[in-house]
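Form predicted on its own, single chain, as structure tokens, below.
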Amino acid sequence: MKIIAVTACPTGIAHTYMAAATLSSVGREMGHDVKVETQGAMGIENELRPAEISAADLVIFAADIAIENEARFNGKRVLHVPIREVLKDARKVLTRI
């Protein structure tokens, strides 16, 4: 499955990047193609391109704050989860899909 995700936390430092790394590695272990955009203290990094968004089967918003430019994902199947759920058990989150 092609999964894209956006991770973001209120301070935009550790948890944002930890969740991105966890989703990527656990997703690959489970056989998914995963790309993650981070929205943190450094702004938007690894910004998802329109073609990547279009090709995605699922979008995961692992965030405790509003996602910037969320309208880019209109019409896509989106799973909203608190960032702590990804940090606690990313496999469980990815199993929900």
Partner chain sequence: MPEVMEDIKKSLLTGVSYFVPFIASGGVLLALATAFQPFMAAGADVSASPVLRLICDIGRASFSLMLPVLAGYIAYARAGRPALVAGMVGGQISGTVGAGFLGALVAGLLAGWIVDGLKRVPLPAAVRPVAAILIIPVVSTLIVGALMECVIGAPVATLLGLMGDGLANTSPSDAVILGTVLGAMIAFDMGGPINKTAFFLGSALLGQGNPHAMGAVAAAICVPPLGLGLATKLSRTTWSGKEREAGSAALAMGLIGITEGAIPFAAADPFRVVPTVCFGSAVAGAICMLTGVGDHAPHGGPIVLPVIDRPGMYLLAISTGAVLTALTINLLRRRPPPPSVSAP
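Numbering follows the first chain given and starts at 1. In this text the structure is predicted, and so the values were computed from the model without any measurement.
One more form of this protein, predicted in complex with its partner chain, exists but is not displayed; see below.
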**Message:** Exactly one residue in Glu47, Glu68, Glu29, Asp33 has a non-hydrogen atom within 4.5 Å of its partner chain in the model of the complex; which is it?
**Reply:** Glu68
**Message:** I'd like to check something about Thr11: if you look in the model of the complex, is any of its heavy atoms closer than or equal to 4.5 Å to a heavy atom of its partner chain?
**Reply:** yes
**Message:** Quick check on Glu52: any heavy atom within 4.5 Å of its partner chain in the model of the complex?
**Reply:** no
**Asked** If you check in the model of the complex, is Asp57 within 4.5 Å of its partner chain, heavy atoms only?
**Response** no
**Message:** How about Met18 - does it come within 4.5 Å of its partner chain in the model of the complex, if we only consider non-hydrogen atoms?
**Reply:** yes
